[in-house]
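Next up is one chain by itself, shown in structure tokens, the form predicted on its own.
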């Protein structure tokens, strides 16, 4: 598939801004304001939106390339951008026949809106996306919602939040819907700070979310369908892409360190050279896995029913687990190569931020939770053992 060179050129300009402020964003645990403004100035927020609504109809592969590029420069910026595009994918995939959401898509493209997400919840739900305690309460043509959200990333900076809840107060926890609320339609009361090891610029604080909006802003499809057909695949692939970006930059720093050492001692193979080769091998495995995952998604889109299949869900889950593990292994290898110069902050080879950001990867939809879900599917699903499929 051909690369969208114009889009990547625009993304490269925004990534340069992200690189300039990445250490400051991390140190101060602040939102990457400058980088996100650069992404808006480059008209990159609505690229997934269909052309007839003002977007560029960019493919998931295009957006993954942008996430990987941003991940090489500032992981927090890349994560915010990825989470935004995951939400856009839900609107694009499930709102095309819905008048309010079609108009909303046009606004995303024209105004370069930033979308947030509220799917996690307190009260023992945590990161279990398939269950909710809070519920939509209908009031004529409007609805109200109050949610104790344990985490809402960049909540105070976004222009709209897509929030999950039970369909009604008497509905079971798994009977969920997703509603879109604009910034003017909700209030946020902070309940938890965001002072973490890594991904510090995502500002993923906890809030009491209270909103009121017209009922037409509730997506007509059940959230379970939205999650299965668009959200989870987009999440695992775009997260994997930005994680690849972190890993690629770590390997690049390790390679630069070894080259510098080789220049000091001509004719001698530096101690870390073998580790760089091993890290490069793992990076290639990560890249191949992500490209295979993107191809798998593209094929599933053509065979529409395949998006709901167990084989597709298992493939996406395995991709997420594999990418998150490889990221940590690669950064650890790079750290061993760079030694104290990688461990220290403020050197050309510093890897502390990379390592701390990488540690979040297995926790985003916890790998153990994913293994649990996959193990249940494997009780009834036979794995495809062919080399090519």
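Residue numbers count along the first chain shown, from 1. Since this is a predicted model, take the numbers as computed values, not measurements.
We do not show the form predicted together with a small molecule, though everything after this point is about it.
Undergrad: Quick one: from 249, 119, 230, 180, grab the residue that has a heavy atom within 4.5 Å of the small molecule in the predicted bound form.
TA: None of the other options qualify; the answer is 119.
Undergrad: Considering 204, 217, 72, 90, which brings a non-hydrogen atom within 4.5 Å of the small molecule in the predicted bound form?
TA: Spelling it out, the residue with a heavy atom inside the cut-off is 204.
Undergrad: The chain here is shown without the small molecule. Which stretch in 334-342, 359-367, 49-57, 28-36 comes within 4.5 angstroms of it in the predicted bound form, by heavy atom distance?
TA: Comparing against the small molecule in the predicted bound form, the contact stretch is 359-367.
Undergrad: Please tell me whether any heavy atom belonging to residue 99 falls inside 4.5 Å of a heavy atom of the small molecule, as the geometry stands in the predicted bound form.
TA: Taking the distances in the predicted bound form, the answer for residue 99 is no, it never comes within 4.5 Å of the small molecule.
Undergrad: Report whether the minimum heavy atom distance between residue 282 and the small molecule in the predicted bound form is within 4.5 Å.
TA: It does not: once the small molecule is placed as it appears in the predicted bound form, residue 282 has no heavy atom within 4.5 Å of it.
Undergrad: Decide whether residue 317 counts as a contact residue for the small molecule in the predicted bound form under a heavy atom distance cut-off of 4.5 Å.
TA: No.
Undergrad: May I ask you to check whether residue 126 falls inside a 4.5 Å heavy atom distance of the small molecule in the predicted bound form?
TA: Residue 126 belongs to the contact set for the small molecule.
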